[in-house]
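Quick setup: one chain, the form predicted on its own, written in structure tokens, and binding and motion questions come after.
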């Protein structure tokens, strides 16, 4: 069994089963550091409909143990499952898919730390759209940093969260290919 096949055995929700787990598969379509234009703005390729199953599964994966986070029956008696603050990361990966912001799937990327602002709690049943801005990129000590500003808005246009997603990336498409085939 390959690593990708093993990962797929953990998929329990419809979104997870439809998600491409092999980030190496479509690297030719990904944005790469030396081609990205700071200031470019776009939208996520997909909309994320938040369901009970998505939230409960994410909470279990985040090793939450509070019944209001992981037990559907207990959560219902308290108005529905609580949504983990990092749930917005799952939303972003789903919404971006292989479109604008796809550099966050880059093989060989490293995480220097993240800045997430929750403006309003996400709710079950909301449809979340992303606005993606290529916010900044820079070189420090020979490392290539990229930062996008992701704005999460619901179907009514209410700003729910902002994630300044930052990663250290391979510089060129050839560098990405080298990481992906290593």
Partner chain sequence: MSSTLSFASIEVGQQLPPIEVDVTQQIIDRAALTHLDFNPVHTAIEWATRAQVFGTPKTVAHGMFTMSQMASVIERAWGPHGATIRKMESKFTKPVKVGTTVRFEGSVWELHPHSPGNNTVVVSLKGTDDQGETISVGAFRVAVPD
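Predicted model only: the values in this text are computed from it and were never measured. Residue numbers count along the first chain shown, from 1.
Not pictured, yet referred to below: the form predicted in complex with its partner chain.
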| query | finding |
| --- | --- |
| Non-hydrogen atom contact residue 79 with its partner chain in the model of the complex at 4.5 angstroms | no |
| Residue 50, heavy atom within 4.5 angstroms of its partner chain in the model of the complex | no |
| Touches its partner chain in the model of the complex: residue 135 (any heavy atom, 4.5 Å) | no |
| Residue contact check: residue 86 to its partner chain in the model of the complex, 4.5 Å heavy atom | yes |
| Selected contact from 45, 116, 124, 36, since only one has a non-hydrogen atom within 4.5 angstroms of its partner chain in the model of the complex | 116 |
| Contact set, 20-36 vs its partner chain in the model of the complex - heavy atom within 4.5 angstroms | 20, 21, 23, 24 |
